[in-house]
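Same chain, two forms, each on its own as structure tokens: structure 1, then structure 2.
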Structure 1
Amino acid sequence: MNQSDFALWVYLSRTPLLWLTLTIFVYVLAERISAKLHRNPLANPVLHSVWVIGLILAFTHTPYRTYFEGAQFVHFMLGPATVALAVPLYAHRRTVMRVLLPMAGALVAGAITAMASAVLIAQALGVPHDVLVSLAPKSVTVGVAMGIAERTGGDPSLAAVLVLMTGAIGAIIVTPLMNAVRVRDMRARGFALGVAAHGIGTARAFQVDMMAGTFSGIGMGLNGLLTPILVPVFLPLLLG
């Protein structure tokens, strides 16, 4: 790199524009590749975007804070997107009302098992206390989980990472797991996925089946209401 190229890089790498553009560019590319590979669960666009961008930041010695100044515009939209979940919930209110009891049961079962099993397994494997606090809300959408972590004395940035990993894991394992236990009801599959693996799971569910996607969105929305109540109540018991 000669002197003037370097000056240009120094200028651009400090502007939010570069990192915002890169985030969307890498995501669109990962999304296209996922479509080309017939939505193979291992080609999850979020998972691959994250490590590609992480590598670019490492190679260019860009601090995360500088990156986030650009990426924050995308991150900000998580709040409005959470509010927007009211729309599919409203659109399917009749179907939702018909299976209200199965959904309520699956919501409570999924939310409690997700939180309790993660905390207990990690605790048994020697994961330190402060990480466990940020692990508890891992099944809800990232904005909500960060809020819970903040309120319960956890680390919001760590909670976000754990949420993302959970979503990617759920999106990858759901299809083989459900086929193995021979559950074909797309309402049940989608709903359980939304409860356990939030938005990344929901994005996956829409790739498989419209009904699964709709119920996944509802599961994610309802768990966004339940887990914030569960974590402060159950966490002291689990860590006791």
Structure 2
Amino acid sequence: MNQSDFALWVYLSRTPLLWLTLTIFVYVLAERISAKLHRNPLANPVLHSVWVIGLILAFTHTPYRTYFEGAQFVHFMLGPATVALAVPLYAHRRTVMRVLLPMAGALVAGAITAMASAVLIAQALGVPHDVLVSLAPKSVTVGVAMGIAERTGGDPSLAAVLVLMTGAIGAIIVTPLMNAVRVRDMRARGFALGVAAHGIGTARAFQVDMMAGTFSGIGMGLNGLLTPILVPVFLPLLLG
């Protein structure tokens, strides 16, 4: 790269539109590859977009703050996208109302299991205390998890990374796992995925089946309400 090329890159790297365009381009490319591979769980477009953009930022020595200033419109759109989950919920409202009681039981069991299993396994492996605290809210959305971690003495940035890893892993393993345990009901599959793997899991559920996506969105939303209540109560007990 000669001096003029470097000067052009420095100018473009400070332009917000560059990082927004890059983010959209990488995701669209990953989405098309996923479609070509018939939505194979390993071809999750969110997962592959994250590591590709991460490599670009590392290669160009671009600080995350600079990237976020350009791509924050995508972050802003998370709000409307979450609200839009109400559309399929309304369309399937009668189906949802018929299974409110089983969903309530599954929600409580799933939220406690997601938190307790992660903390206890990590504790047995000798993971430091601040990491354990950051790990507890791993199954809710990033914003909620960061707030919980901050209030309970954890690291909000680490909590965000753990949430993304949880969502990506959940989206990858959900189909083979549910097939292995012979869970065929798309309502149950979707709700379990939403409780365990939040937004990334919900996006995967909508790719598989509209009913699964609807119940996944419900699970994600309800777990986001319940986990901030459960963590301050159960985390001290889990940490002994």
Partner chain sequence: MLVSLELILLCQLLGEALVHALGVPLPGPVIGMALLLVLLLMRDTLTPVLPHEVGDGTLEKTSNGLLANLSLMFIPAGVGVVQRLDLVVSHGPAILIALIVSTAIALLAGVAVFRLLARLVGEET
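In this text, the rigid core denotes the largest set of C-alpha atoms whose superposition between the two forms falls within 1.5 Å. Predicted model only: the values in this text are computed from it and were never measured. Every residue number counts along structure 1's sequence, beginning with 1.
(message) Of the two forms I pasted, which one is the form predicted on its own: 1 or 2?
(response) It is structure 2; that copy is the form predicted on its own.
(request) Align both forms on the core first, then report whether residue 104 has a C-alpha shift of 2 Å or more between structure 1 and structure 2. (result) Where the cores coincide, residue 104 shows only a C-alpha shift between structure 1 and structure 2 that is less than 2 Å.
(request) Tell me, please, whether between structure 1 and structure 2 the C-alpha of residue 91 is shifted by 2 Å or more, with the rigid core used for superposition. (result) After core superposition, the displacement of the residue 91 C-alpha between structure 1 and structure 2 reaches the 2 Å mark, so yes.
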